[in-house]
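Listed next as structure tokens is one chain, alone, in the form predicted on its own.
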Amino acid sequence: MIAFKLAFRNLLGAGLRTWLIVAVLSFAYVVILFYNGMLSGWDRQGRRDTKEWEIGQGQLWHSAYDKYDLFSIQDAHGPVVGEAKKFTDKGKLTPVLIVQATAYPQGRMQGVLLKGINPDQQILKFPSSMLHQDGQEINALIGKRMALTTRLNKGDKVLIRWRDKDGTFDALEVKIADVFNCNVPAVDNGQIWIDLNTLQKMMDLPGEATLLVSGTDEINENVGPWIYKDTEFLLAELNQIIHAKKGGSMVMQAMLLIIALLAIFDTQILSIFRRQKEIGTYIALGMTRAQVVGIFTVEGATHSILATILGALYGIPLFLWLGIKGITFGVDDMGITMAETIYPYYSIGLIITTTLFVILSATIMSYLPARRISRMKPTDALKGKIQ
């Protein structure tokens, strides 16, 4: 208790110097929280959007399907029968058939993935209900990125050419029923969506699919010939990006923290140099060297405590405002699952961990120069001699 009283008295007596150190340390503290909160918010949004638009609660892949190998798509399809058919009829699985095709927007040629999905599915957020045919025209959906690439708009028609299971080329014209807005590039880039039954007839593959999207946690293993892929496997790319960003941000965060800690370190060295007579007096009055070291260590650590309090005064309103307004980057096509506006997420664990890390770092940095006190002789310290 004496150490804390003396530490606070000495810090307040230092005046402006103390508050400059506290301000720098609080800035580093708030920036570390802000950046990690932004990455956490991006992670939460990305995972939620990917599940809602693409992967559901997991997927079942045909044994020949590999989303990183376009050459596997031609043979990556199979009949949805047996247990898989039962889950599909109950609405717990929705089949997706993927076919390589070529689109000719405004006479230009562009390779695309033609995907078929049930218009009545309720598992994905995808607006598949727009795929219901009205008359003889075949409705199709494209995303905003695809619309920009092909310069197609709602109501436009585009010629599609594909090759069926026997290798025979065929072509027809589809109508763009709508352009949807989606943050998941894997549902948008280079893709045209049509009714599943229509695509199966075009390919002469009745009742077949490339993958099955699950909408329930009940399915967590292979179903017949279909290979189960859980959400962690399907979100591996996003996780790797987030981890890479967190690793890169550690450099900036470390630099900010080191600047603040160096100020504490220099202050402690200067304080010990100028207050040798005071140190000698403490020892002469009966305080042990460990107690005196504790006083100076607590002084340095108190900087971090004051910094967290100061950071909370302007950090909490800032974080609350960002949580409501979000952070808009002005770019909606990053090539990765990322919303135009990110809403930071500050968990209790993140706040506690960051606070303890800053306090512990400041305490260690204060203790290092204070160790010199243990080697001082009381008589020399009273005389103000430098050792």
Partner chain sequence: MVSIKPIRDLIIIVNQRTEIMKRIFLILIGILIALTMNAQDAKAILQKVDDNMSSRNRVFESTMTIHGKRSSRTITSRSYAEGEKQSFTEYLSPARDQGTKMLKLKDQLWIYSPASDRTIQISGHLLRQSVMGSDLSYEDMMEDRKLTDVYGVKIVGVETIEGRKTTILELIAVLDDVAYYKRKMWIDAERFIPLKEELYAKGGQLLKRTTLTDVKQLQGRWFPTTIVYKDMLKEGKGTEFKITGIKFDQELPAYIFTKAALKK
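Please read these numbers as outputs of a predicted model, since none were measured by experiment. Numbering follows the first chain given and starts at 1.
Unshown form predicted together with the partner chain; subsequent notes refer to it.
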property: In the predicted complex, segment of 122 to 130, 165 to 173, 211 to 219, 305 to 313 with a heavy atom within 4.5 Å of the partner chain; result: 165 to 173
property: 4.5 Å heavy atom contact, Tyr228 to the partner chain in the predicted complex; result: no
property: Distance check, Gly107 to the partner chain in the predicted complex, heavy atom within 4.5 Å; result: yes
property: 4.5 Å heavy atom contact, Met287 to the partner chain in the predicted complex; result: no
property: Non-hydrogen atom contact Leu159 with the partner chain in the predicted complex at 4.5 angstroms; result: yes
property: The single option of Thr88, Asn189, Gln74, Gln291 touching the partner chain in the predicted complex, heavy atom within 4.5 Å; result: Gln74
